[in-house]
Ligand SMILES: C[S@@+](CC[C@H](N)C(=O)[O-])C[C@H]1O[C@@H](n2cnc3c(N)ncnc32)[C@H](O)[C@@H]1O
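Read the single chain below, which is given as C-alpha cells and is the form predicted alone.
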C-alpha cells in the first residue's frame, strides 16, 4: 500500500503508516525525522501540499495542515473526485466562532464536489477530546 502525507513534517502520520509497512510519500517543505527516513519506506518531497499531484492513485491520503478549513475540504474533495486516492483522513482546524457551521459548510462542499464527479463515498467525522479546536474526517470511496 501507498500513502501520501500532506504537511508531513516532522512525521506523526507518516510514522503510523511506516509502523504498518506502508510506503509514504511525505510532502512538506520542513524536515522529516531522521529515523523515519532511514526506514526506506518514506519518500520526502519538499513541495507545497496544495500543489502536489500524485504520480499514481494512492491507497491513503492524510492531511493535517494548518489552513482554513474550506481550503483543506476543497483539496480533499479534489483528490477523491480525481481518483488520486481511495481514502482520506484529514483535520479541519476550526475558527473560534461558528465551529458547527464551518464543519457543515465544509462537508456540504465536499458532498457537492463528489456528487458532481459521480463519486460514491461514505464518511465519518469525529471531534476528538484532545483536539478541541479541530475535527477529524475520514472519507472512503465506494
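Just so you know, these numbers come straight off a predicted model, no measurement behind them. Numbering follows the first chain given and starts at 1.
Keep in mind the form predicted in complex with the ligand is missing from the figure; the text below concerns it.
- Residues with any non-hydrogen atom within 4.5 angstroms of the ligand in the predicted complex fall in just one of 110 to 118, 77 to 85, 96 to 104, 27 to 35: 27 to 35.
- The ligand is not shown here, and in the predicted complex it never comes within 4.5 Å of any heavy atom of residue 54.
- The shortest heavy atom separation between residue 13 and the ligand in the predicted complex is within 4.5 Å.
- Although the partner is absent here, residue 60 is not a contact residue: none of its heavy atoms lies within 4.5 angstroms of the ligand in the predicted complex.
- The ligand in the predicted complex is not approached by residue 4, whose heavy atoms all lie more than 4.5 angstroms from it.
- Counting a residue when any of its non-hydrogen atoms is within 4.5 Å of the ligand in the predicted complex, the hits in 38 to 63 run 47, 48, 49, 50.
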